[in-house]
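Okay, here we've got a single chain as structure tokens, the form predicted on its own, with questions on binding and movement later.
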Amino acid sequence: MIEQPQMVKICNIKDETPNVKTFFFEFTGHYDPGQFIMVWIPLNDEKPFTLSYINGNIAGITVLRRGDFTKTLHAKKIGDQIGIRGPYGKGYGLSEKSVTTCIVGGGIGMASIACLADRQENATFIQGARTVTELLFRHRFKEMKLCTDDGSLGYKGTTVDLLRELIGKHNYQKIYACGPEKMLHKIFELCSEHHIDCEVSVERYIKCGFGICGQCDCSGQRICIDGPVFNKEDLRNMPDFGKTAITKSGSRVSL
């Protein structure tokens, strides 16, 4: 584990959607799908991102442009440098081939589960977005079941709506998910109702990355070291999950 940023050159950039880009760089450390790295832009800030691509010694982070940091990152060119440290946290547990699984991604949460989908064989893969232009990795995962809130492509409705229908048709033994926390909470409730094992990646404001500051607390669990991936038993003992979060200023807000 590296706790000082290591400067790496951006070796390629891929436009995924009008507001999402993937930045590729050399990465030689061990990485479990679902873990995260801290990305540093000198004179700007440092933010956590999961790896969305791993191919040999080349890795990628998939970034939605939505704030000052990500706007600055989106302005980077091939050959520019960023700092990385990590990986940190607990990733997803891979299931045996005999276990019937479903992977669910909502919005930019697709970035967290993309490397899991590369390694988890024979899984149903669901992706949801508000509209067709926000769907990610459509050519990378050709068998994905797609859903959009506005019905512009695939199933009209949410990932939870589609998952509920599929649970009625398939004997899923485990479900993985990453996306907006309200979506994750509904999936947790659905899995509890049907006695299905699940693992979800919970997003919180992460400042240090290795459990010192406590900024990412969720019911006593530090997302950066106890998560970001939690199983059903963990979530059952986290009453803040799906209900409240801590902002950058330290205030608690309702989800």
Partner chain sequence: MNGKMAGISLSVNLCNIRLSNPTVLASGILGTTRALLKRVADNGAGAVTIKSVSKEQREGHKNPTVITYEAGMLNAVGYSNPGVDAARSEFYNLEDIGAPVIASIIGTCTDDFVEVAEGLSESGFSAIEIPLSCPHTPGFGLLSGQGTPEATYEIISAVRRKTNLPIFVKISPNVPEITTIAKAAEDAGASAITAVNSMGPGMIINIESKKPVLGFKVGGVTGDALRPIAVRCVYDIYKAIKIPVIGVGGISTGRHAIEMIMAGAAAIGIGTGVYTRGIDVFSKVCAEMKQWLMENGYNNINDIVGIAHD
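As the structure is a prediction and not an experimental result, all values here were calculated from the model. Numbering follows the first chain given and starts at 1.
The protein also exists as the form predicted in complex with its partner chain; that form is not presented, and the subsequent description refers to it.
**Q** Just checking whether K186 would be counted as a contact of its partner chain in the predicted complex - the rule being heavy atoms within 4.5 angstroms.
**A** No, no contact at 4.5 Å.
**Q** Closest heavy atom of Q221 to its partner chain in the predicted complex, within 4.5 Å or not?
**A** The answer is yes: Q221 has a heavy atom within 4.5 Å of its partner chain.
**Q** Tell me, yes or no, whether M38 is in contact with its partner chain in the predicted complex, where a contact means a heavy atom of each within 4.5 Å.
**A** It does: once its partner chain is placed as it appears in the predicted complex, M38 has a heavy atom within 4.5 Å of it.
**Q** May I ask you to state whether I246 is within 4.5 Å of its partner chain in the predicted complex, using heavy atom distances?
**A** The answer is yes: I246 has a heavy atom within 4.5 Å of its partner chain.
**Q** To test your reading of this chain, name the stretch in 27-35, 187-195, 51-59, 201-209 whose heavy atoms come within 4.5 Å of its partner chain in the predicted complex.
**A** Going through the listed ranges, the match is 201-209.
**Q** Scan 55-91 and note down the residues that get a heavy atom within 4.5 Å of its partner chain in the predicted complex; none is a fine answer too.
**A** D68, Q81, R85 sit within 4.5 Å of the partner.
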